[in-house]
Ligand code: GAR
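A lone chain, given as structure tokens: the form predicted alone.
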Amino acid sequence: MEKYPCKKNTAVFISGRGSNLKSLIKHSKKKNSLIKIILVISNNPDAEGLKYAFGSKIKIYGNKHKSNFENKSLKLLKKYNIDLICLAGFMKILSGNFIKKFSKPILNIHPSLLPKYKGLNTHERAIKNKDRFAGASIHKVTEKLDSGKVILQKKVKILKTDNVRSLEKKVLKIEHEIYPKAIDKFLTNL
């Protein structure tokens, strides 16, 4: 009899449309996936991704009030016995206090080839600096912004004809491809 892996209860944090969330949900439904998405949390209660998660019968929570966002999120993470958080287009920096209190792995996807271009406007900066390549990185979250150990990266060539929008589209396409792989790689090596 074939044995399937024990799936980790996972929460995905988003801020917007949830395109990486959709990729992760699709991946989580595969038999050999190592995650089960239990909860989607957003700092934007109107995020499109929340509607998608709700339609996929996943519990959702949206709250834009900074003061209780992290405390309420921590309570939900505990309630649903979450083993892993995946940040997917989550446009808020989690406090060091939150990271310590959660005390389990948090992964993030970032649209650059870290350690290059931490923070925002990564595509704009890559084009302005005439870089030949851009890309995406999945890394472990630490208290320092975009500085945790990189789990997986993939690059794309920046063409002379690329602008911020076209580069963003190319990078987003590889994000959808590598985030599920990075999660499985990370969990396999735990």
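Just count from 1 along the sequence shown to find any residue number. Predicted model only: the values in this text are computed from it and were never measured.
Absent from the display: the form predicted together with the ligand. The rest refers to it.
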4.5 Å heavy atom contact, residue 10 to the ligand in the predicted bound form: no
Even though the partner isn't displayed, in the predicted bound form is residue 109 close enough to the ligand, meaning a heavy atom within 4.5 Å? yes
Taking heavy atoms only, is residue 18 within 4.5 angstroms of the ligand in the predicted bound form? yes
At the 4.5 Å heavy atom threshold, is residue 172 in contact with the ligand in the predicted bound form? yes
